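Quick heads-up: it's one chain on its own, the form predicted alone, in C-alpha cells.
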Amino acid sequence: MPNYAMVIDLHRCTGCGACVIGCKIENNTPEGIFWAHFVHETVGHFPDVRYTYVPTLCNHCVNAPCVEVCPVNPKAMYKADNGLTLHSTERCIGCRLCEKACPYGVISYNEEEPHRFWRDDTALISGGTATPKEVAERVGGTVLPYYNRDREATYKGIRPKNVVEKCTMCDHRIARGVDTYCNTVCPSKARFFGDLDDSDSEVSKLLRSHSSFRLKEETGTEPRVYYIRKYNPS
C-alpha cells in the first residue's frame, strides 16, 4: 500500500492560484469553501518590499487531530491505508469538532444548502431582471452552471448542508492512476504527488535533493505536505 505525500516547490510557484480554481472545478466546492487555498504576506516599505505566497491544502497528517476528536463510531473522519485523511458524509453528524481541532484551518462546514445561488428566486431588480433560478431553468433546469460527475466516484459530488468537507487529495483520481487535479493544472509544475515509500518516486527524489519544511511541525501532526525551496529565492 502506498504512503502518499505531496511536495510543493515554492521556487517554481508563481502564485497564480490555478490550483485553487482547479480544485473548485474538480470537486464542485460551493462559494466560500476552498479545499485548496493559500496564505500570502507582504512585508517591508517601498522599495524594499517582500512578498511571500504559500499554497495550502489538507496536510493529511499522520497524527491527524481531526480524526482523533471525531466522536462517531466508526469515525466519520478517518485515516485510509494509503495515508490519506478522508471523510464520510454519511457518518458525519456535523458536530464540527474536527474543524476546531485542525491546526491548519482547512476543514469547512456547510451551514446552508450548497450552491444556493442557482436556487435563488429573488431578482436583483424586481420586474427588471431574471432570478438566478429562472436563469438555471432556461439553460436546462440544473442548479449548477458546472458539475463534475467524476467526483461522485468515491465521495458525494455535492456535499449536503450540516456536514464538513475538505481536500481528499483527489482520491477519486488517484484510485484510477491519475494525478491530483491541482498538480495537473499547475502551469509551472510546482506540485508533485507520490509514494513516500517508493525511493524512485518524484516526491522521494525531491525530498532527498532539497531541505524541506512542513507547516506547524511543532504541533506533532506529522503533515504529509512538504515545501521545498523559497518563493523568493533572494
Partner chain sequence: MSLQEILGSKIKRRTFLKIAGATGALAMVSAGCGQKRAEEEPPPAPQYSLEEGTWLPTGCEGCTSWCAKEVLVKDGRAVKIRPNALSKVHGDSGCPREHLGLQQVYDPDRIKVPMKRTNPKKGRYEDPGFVPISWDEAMGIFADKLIELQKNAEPHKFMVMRGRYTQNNQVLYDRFPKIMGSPNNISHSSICAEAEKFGPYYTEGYWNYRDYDLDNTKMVVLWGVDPISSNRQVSYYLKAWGDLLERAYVVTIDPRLSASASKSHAWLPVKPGEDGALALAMAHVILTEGLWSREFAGDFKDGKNRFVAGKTVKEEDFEETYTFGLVKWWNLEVKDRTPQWAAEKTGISAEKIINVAKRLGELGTHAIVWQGGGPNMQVRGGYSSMAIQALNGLVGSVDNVGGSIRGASVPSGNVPAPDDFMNELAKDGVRKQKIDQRGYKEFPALNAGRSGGGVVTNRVADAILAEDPYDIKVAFGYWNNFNFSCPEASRWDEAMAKIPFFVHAVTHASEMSIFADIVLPSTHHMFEQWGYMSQKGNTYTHAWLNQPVIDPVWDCKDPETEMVWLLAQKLAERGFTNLKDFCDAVKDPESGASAANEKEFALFCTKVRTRPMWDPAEYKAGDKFSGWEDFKTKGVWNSGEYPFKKLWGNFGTATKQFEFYSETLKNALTAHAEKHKTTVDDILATCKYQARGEKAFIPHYEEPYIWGNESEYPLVMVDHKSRFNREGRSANAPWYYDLKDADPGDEKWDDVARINPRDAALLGVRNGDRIRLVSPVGSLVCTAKLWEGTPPGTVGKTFGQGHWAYGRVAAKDFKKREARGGNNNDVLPADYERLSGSTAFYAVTRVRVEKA
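From a predicted model like this one, the values you see are computed outputs, not experimental measurements. Here, rigid core means the biggest group of C-alpha atoms that superpose within 1.5 Å across both forms. Residue numbers count along the first chain shown, from 1.
There is also a form predicted together with the partner chain; it is not shown, and the following applies to it.
Between 90 to 98, 125 to 133, 71 to 79, 158 to 166, the stretch whose residues reach within 4.5 angstroms of the partner chain in the predicted complex through a non-hydrogen atom is 125 to 133. Within 4.5 Å of any heavy atom of the partner chain in the predicted complex lies no heavy atom of V225. Heavy atoms of V54 reach within 4.5 Å of the partner chain in the predicted complex, making it an interface residue. For Y109, no non-hydrogen atom is located within 4.5 Å of the partner chain in the predicted complex, even though that partner is not displayed. Although the partner is absent here, Y181 sits close enough that one of its heavy atoms falls within 4.5 Å of the partner chain in the predicted complex. Contact residues in stretch 7 to 43 (any heavy atom within 4.5 Å of the partner chain, taken in the predicted complex) are L10, H11, R12, C13, T14, G15, C16, G17, A18, V20, I21, K24, I25, E26, E31, G32, F34, H37, F38, V39, H40, E41, T42, V43. Superposition on the rigid core between the shown form and the other one places the CA atom of N73 less than 2 Å from its counterpart. Put the two forms on the same core and the Cα of K161 is off by less than 2 Å between the shown form and the other one. G83: CA moves less than 2 Å between the shown form and the other one after rigid-core fitting.
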